[in-house]
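Here you get one chain, nothing else, as structure tokens; it is the form predicted alone.
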């Protein structure tokens, strides 16, 4: 049998939206496995705090502000990561926003533009900026974080759903385009997860929704998504690309 590594030790990963929730958990999980981690977030102080937590535990990390809606800032973030660690092997496009907006709301048009920019356009910009460095990597990986809202939809969420569906399409398109170079591109679709975006939902309403809609009957934790992200980025995951993976407690699989 050919030995395949199940560790990202020594590889460098850039994670967006990593000051809290799934991004923070992703940064911590990769660091615990020995990766060098660039922790980026619109909340720069939060990103720096997460990086301090990681370095305090003896792992390598840098943290800084990144507005993924800014093309120049994305390119600067990639350059800063490469300067700090000597390369870039893995990109995790996790940053996001979420608002409930009906089609006829006065601010819908503005939110549509912002949602598409932050949730979709930023992904391709990050990948394009990172591509020259990924091509030099022995284990190049891209993971885009979409949502089960990209596979289905709920009311007052059309802009978000459209952007997340676009992430799924982008993932498949780039998996085909970059496959011959050995660069894998995969997508995770989290379902109901306990993060800052769902913090405002009352616990009793979360319980009702989870029992009715998911097979496991509960909300997931950020770490459960982070470990799937890590799995997709292992050197051993070299033949997995173009996959769209729900991490949703069985929400998509369940009827009714």
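Residue numbers count along the first chain shown, from 1. Computed from a predicted model, the values in this text were never measured in an experiment.
Beyond what is shown, the protein has a form predicted in complex with a small molecule; the following relates to that form.
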| query | finding |
| --- | --- |
| Heavy atom within 4.5 Å of the small molecule in the predicted complex - the one residue of 185, 90, 78, 119 that qualifies | 119 |
| Proximity to the small molecule in the predicted complex, single hit among 61, 230, 28, 68 (heavy atom within 4.5 Å) | 68 |
| All of 95, 160 and 191 within 4.5 Å of the small molecule in the predicted complex, heavy atom check | yes |
| Per-stretch contact check against the small molecule in the predicted complex, the hit in 30 to 38, 210 to 218, 195 to 203, 51 to 59 (non-hydrogen atom, 4.5 angstroms) | 195 to 203 |
| Distance check, residue 164 to the small molecule in the predicted complex, heavy atom within 4.5 Å | yes |
| The small molecule contact in the predicted complex: residue 22, any heavy atom under 4.5 Å | yes |
| Distance check, residue 146 to the small molecule in the predicted complex, heavy atom within 4.5 Å | yes |
